[in-house]
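One chain comes next, on its own, written as C-alpha cells: the form predicted on its own.
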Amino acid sequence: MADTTTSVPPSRSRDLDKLLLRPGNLVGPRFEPGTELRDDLQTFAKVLVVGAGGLGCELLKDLALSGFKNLEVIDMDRIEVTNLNRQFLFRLEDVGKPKAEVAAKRVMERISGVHIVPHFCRIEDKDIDFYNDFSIIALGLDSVEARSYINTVACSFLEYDSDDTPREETIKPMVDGGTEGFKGHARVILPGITPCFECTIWLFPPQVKFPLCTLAETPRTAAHCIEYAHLIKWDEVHHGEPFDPDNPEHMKWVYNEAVKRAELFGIPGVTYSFTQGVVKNIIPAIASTNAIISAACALETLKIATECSKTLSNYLTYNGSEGLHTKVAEFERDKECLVCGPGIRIELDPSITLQKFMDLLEEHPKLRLSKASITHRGKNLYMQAPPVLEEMTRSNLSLSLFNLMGKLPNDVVHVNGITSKNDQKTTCLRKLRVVFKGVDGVTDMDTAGGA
C-alpha cells in the first residue's frame, strides 16, 4: 500500500515553540507555556530598535525571526558606501537613502507577517511619550551620548511608591548592545532594579588624546605621526584652510606627511587605512561581532517579553580578538543615581515660592544645601552663576514653585549647591521628588526621571 501522507514543512516558529510551549526550571514566576503566549508575543509586544547600523540591522532581523511582529526602528543616518561591508540589509543602489526606511523594508520583504515602522530622524526629535508606547527598547547605538539620552528617557517613566520601591508597571526595560572590532557587550537594564546606563558610565573610557608636545617632539607610534600631520603640519602649510576628513585629497596629504614623519623617526605602521581610522576616530566594525551581540540582545528581549527564562544578570562581555572569551558580570545599582534613583522626597504647599523652597533646602536635615541652583526638566529655574544667568532667573525667586514646574502635582527637580560635611564645604548635585500637598492627582508615587 502506497504512503499517501504528505510531508509537512517545518514551522518557522519551531525553535520558538520549544521555548514558549514547554515548562522549564529557569522560567519566570508568571510564565505559562502555551500557544496563547506565542500569540500574545506577536500581537501585543511592541519593540523599538534604536539605530539601524551594523548592530541595528542584525537586531531587526533577529527580533523579527524571534516572533516579534510589531517593531519600529529609529535612525538619523543615510546609507554610505562604507556601510555595505557589514550592514547586510543595504545594497549599492540604496546609498543615500535613510537607513531606517531601507532596513524596515528589507526585513518585511524577507519575513512575512512582520510590520516595521521606520523613523528617519534624531532620537531627540521624538516626544517623550513616543518612547512610552513600547514594551521594550533595544539599543544598537555607537554613541555614549545617544545611550545616555535614551536611558534618561526610559528612567523618566519610572515611579516609586512612598517606601522608595519601584512600581513594576512603570519599569521600561532596555536591552543594550555595543561592538568595537572583535569586542562587544550586551546588557539588560531594568530601571530601578538593575544598574541604568548612568550608574555604570565609568565603563566607557575617555577618548584617547595625545599631548601636542609628544606629537611635535617625541613621537613613538604611527598614530603620533598621523596626528602630527593632521593637527600641526596641516595648519602650518595650509594657513587656516579647514581640514575636511571626507576629502580624499586632504586625507592623502595627511597620509603622505605622516609617512615622512614616520620614516624620519623610524616608526613603522603608517598606512592609508590606518590614517583614516586615526583622523576620523574610526573603530573597525566586524560583521561577526555584530551578529553575536545581536543574538544575545534578541534572546534577552524575548526573555523579558515572555519570562521563558531568567534574564541576563546583567552585563555580558565578548572578546573574539584572541580566541574566544565571554563572561557575565553582575553590576550593582547606584542607589544615589540621579537618573534611576528615587531621590529625596519633599512634600510642599503649592503656594511656596522658589525663594522659600531654597531656604528649606538649607534647613532640610538630609540636604543642608546652600547657594542652590535649581533645574526642572532641563529648564533653569534659578542659577547662582554665571552672573548673566543669575540675572535672567532672578525674577523666578518670587514665583511659586508649583507654577514654575508647570502645575504638576509631583515631579523631579535637580539641585546643585554647597553642603558641609566634617566642617568641609563641597559642591554636590541632588535629585528631589517634589510632591505638592492637596493638589488633584497626587498619590503615593513619584516620577523618578524628570526627563
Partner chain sequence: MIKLFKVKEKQRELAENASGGAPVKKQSAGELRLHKDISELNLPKSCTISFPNGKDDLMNFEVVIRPDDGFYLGGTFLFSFQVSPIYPHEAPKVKSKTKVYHPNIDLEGNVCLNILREDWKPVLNINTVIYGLYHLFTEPNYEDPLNHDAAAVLRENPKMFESNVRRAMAGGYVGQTFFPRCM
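Note that the structure is predicted; figures quoted are calculated from it, not measured. Positions refer to the first chain, counted from 1. Each form is matched to the other, and the largest set of C-alpha atoms that superpose within 1.5 Å is called the rigid core.
The discussion below concerns the form predicted together with the partner chain, not included here.
Partner-contacting position among R110, H115, K310, K379 - heavy atom within 4.5 Å of the partner chain in the predicted complex: Filtering the options by heavy-atom distance leaves K379.
Could you spot which one of P219, P173, G178, P166 gets a heavy atom to within 4.5 Å of the partner chain in the predicted complex? The residue from P219, P173, G178, P166 that makes the contact is P173.
Specify the contacting stretch among 264 to 272, 345 to 353, 148 to 156, 317 to 325, defined as having any heavy atom within 4.5 Å of the partner chain in the predicted complex. Of the options given, it is 148 to 156.
Can you work out whether P386 and the partner chain are in contact in the predicted complex, taking contact to mean some heavy atom pair no more than 4.5 Å apart? Output for P386 is yes: heavy atoms within 4.5 Å of the partner chain.
Please run the contact check for H239 against the partner chain in the predicted complex: heavy atoms, 4.5 angstroms, yes or no? H239 belongs to the contact set for the partner chain.
Just checking whether L231 would be counted as a contact of the partner chain in the predicted complex - the rule being heavy atoms within 4.5 angstroms. Yes - in the predicted complex, heavy atoms of L231 and the partner chain come within 4.5 Å of each other.
Hey, in the predicted complex, does L299 get a heavy atom within 4.5 angstroms of the partner chain? L299: no contact with the partner chain in the predicted complex.
Members of 292 to 317 lying within 4.5 angstroms of the partner chain, judged by heavy atom, in the predicted complex: I304, A305, E307 sit within 4.5 Å of the partner.
Superposing on the rigid core, does the Cα of D40 end up 2 Å or more away between this form and the one not shown? No.
After superposing the rigid core, is the C-alpha displacement of G96 2 Å or more between this form and the one not shown? Result for G96: no, shift under 2 Å.
If you line up the core, does P29 shift 2 angstroms or more at its C-alpha between this form and the one not shown? No, its C-alpha moves less than 2 Å.
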